[in-house]
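So here's one chain in two forms, each on its own in structure tokens, numbered structure 1 and structure 2.
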Structure 1
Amino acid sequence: MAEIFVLAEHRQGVIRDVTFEMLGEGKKVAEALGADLTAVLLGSGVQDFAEKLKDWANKVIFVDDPKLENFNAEAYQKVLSSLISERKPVLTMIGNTSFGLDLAPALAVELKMPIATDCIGIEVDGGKVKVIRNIYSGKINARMSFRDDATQYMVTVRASAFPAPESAPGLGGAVESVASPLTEEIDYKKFIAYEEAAVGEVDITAADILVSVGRGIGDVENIPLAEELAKVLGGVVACSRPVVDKKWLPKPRQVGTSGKTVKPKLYLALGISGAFQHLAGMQASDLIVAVNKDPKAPIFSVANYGIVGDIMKVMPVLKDKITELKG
């Protein structure tokens, strides 16, 4: 029977959410393709994870090797290319994460298998797999298909694009251990250590009100406008990634996939376009208000209230009006 591989992603002893999101979606795609769903797990001492995954797939294959203890794309690639060449899954799903992007593109080239990255939709059309990718600052969806002669495909899946099922579908798959094909350590690329995120002087995850600024703030000199607004609201200032990249605010203030996940009572998004990496870090906020001069900015589709306008004009007036209303 045809097979779909979902590569389980785990780090520091935790299976990452994207794994379950892929297994949930993978089950649907497997049904549409008339295939079995196989979870593939690589690591050192991962038998427990294999047990955890078995209700999520028709089969769990795991490769346990001390050489796979920490993620090394080179080692993972060797193991996966051997597994995929042998078992010939019709589709291999990998997270579009720092882990997946370090691994999948080179693996696909080695296997001469077409890959589509950062997919937010997977469709089966006449036995062929097609994907939806979200591009151009989130403003365009592209439907893409694979090279005509391809019979096996690889996709990387955007985190949070598919909801993870609330509980395992109870597939009760068989767990199979496969011997590691690795014969020696990879000496030209070595994992050295993890470095934890820096702790800031302000903890944005603990604040009830966040006044969050994006690239639209224009200049570091305008940051005080946001600070004054935050002050009258009794909140703190957070930001999107470009603001940190430009060193206008320190990294611990960044909201999003590579920053912090926040859930304040009020999230004021000022001059933030709403890239998915940002949304992933704030869309669970109770009340979201967006101010942006672009009426098509994706942030408006997660906001409760929106103002199309210039934040430089809105911020000072809003501060004054709030001060007035506070009396």
Structure 2
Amino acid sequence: MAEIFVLAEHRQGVIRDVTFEMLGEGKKVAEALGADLTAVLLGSGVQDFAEKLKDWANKVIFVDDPKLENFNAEAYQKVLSSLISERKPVLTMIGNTSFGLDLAPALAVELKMPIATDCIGIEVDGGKVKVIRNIYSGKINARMSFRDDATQYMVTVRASAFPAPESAPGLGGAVESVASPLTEEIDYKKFIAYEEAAVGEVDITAADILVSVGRGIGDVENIPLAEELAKVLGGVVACSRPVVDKKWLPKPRQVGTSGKTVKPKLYLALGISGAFQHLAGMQASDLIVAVNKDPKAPIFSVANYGIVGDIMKVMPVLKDKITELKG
């Protein structure tokens, strides 16, 4: 039976969210193609990860090798090239992360396989895989197909483009250990250490409620209004890039592709137009409420609830009403 490969991404003992997002979407694509969904796991001492992934896929194949203890694109490429050449999956899915961007293009070139990067949608049409990508700075979503003679494809998937299922689908996949093809250490490119970015005074990625402000806040003097609203809600203030560029809030508060990806229970977007770079960092939030004067603002395309209005008039009303409801 045909296979779809999903490369599991893990770091410092944690399977990254993009893995489960890809497995959730990969399951739909596999069903449309009549294929098996296979999670591919590389690392050292990853048996426990393999057991965790088996409920998310029809199969889990893992390569356990001390030389794979830390991510090295050169080592991963050698192992994946061997696996893909042998098993010939119809589709290989890799996260469009720093991890994936270091790996996927060179792997596709080596295998002479067509690749589509930073995909936000994957479809099956007439037995062929098609993808959706943003073009023209996110103003247009383009549906793209691979060349007609292609029988295998590779895609990198934007993090948070697909919601991760709330729980494993319980596929109970068979777990298979595969011998590593690596015969020696890769000396010309070595892992040194992980350097985590400073969290700052507030870690917006850990907040359940975010009150996020954009250009529509007007002036730095208006930031305290958002902070008061956030305090009433029990949340913290975040922002879009223009607010950081103006130095109204520090960089650790920025949401988006050049900031942080957040998944709060409530994301209140105030005066944020919704450029695709920002949407990529918050569209997986449980509940999105947007306030903007422009009824055509892209932020409304992902919002669960929207208010067309001036945030300077809406914020005080919201704060007073929430205070009243809380007694």
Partner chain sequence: MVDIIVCVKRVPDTSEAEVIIKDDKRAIKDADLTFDINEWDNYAIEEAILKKEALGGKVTVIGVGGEEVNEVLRRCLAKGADEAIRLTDPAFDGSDGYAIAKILSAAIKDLQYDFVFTGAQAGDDSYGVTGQMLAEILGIPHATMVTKVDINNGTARIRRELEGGLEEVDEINKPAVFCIQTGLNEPRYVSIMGIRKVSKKEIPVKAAADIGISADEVGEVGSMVKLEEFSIPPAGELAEMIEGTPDEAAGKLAAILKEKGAF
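All residue numbers here refer to structure 1's sequence, counted from 1. Quick caveat: nothing in here was measured; it's all calculated off a predicted structure. Rigid core here is just the name for the largest C-alpha set that superposes within 1.5 Å across the two forms.
Structure 2 is taken from the form predicted alone, while structure 1 is not. If you fit the rigid core between structures 1 and 2, you'll see the Cα of R87 move by less than 2 angstroms. L229 shows a C-alpha shift of 2 Å or greater between structures 1 and 2 [criterion: core-superposed Cα displacement of 2 Å].
Relative to the superposed core, K251 undergoes a Cα shift of 2 Å or more between structures 1 and 2. Core-aligned Cα shift between structures 1 and 2 at V213: this is 7.8 Å. With both forms fitted on their core, the C-alpha atom of I322 sits 17.3 Å from where it sits in the other form; this compares the forms between structures 1 and 2.
Taking the core as the reference frame, the CA atom of P298 shifts 3.9 angstrom between structures 1 and 2.
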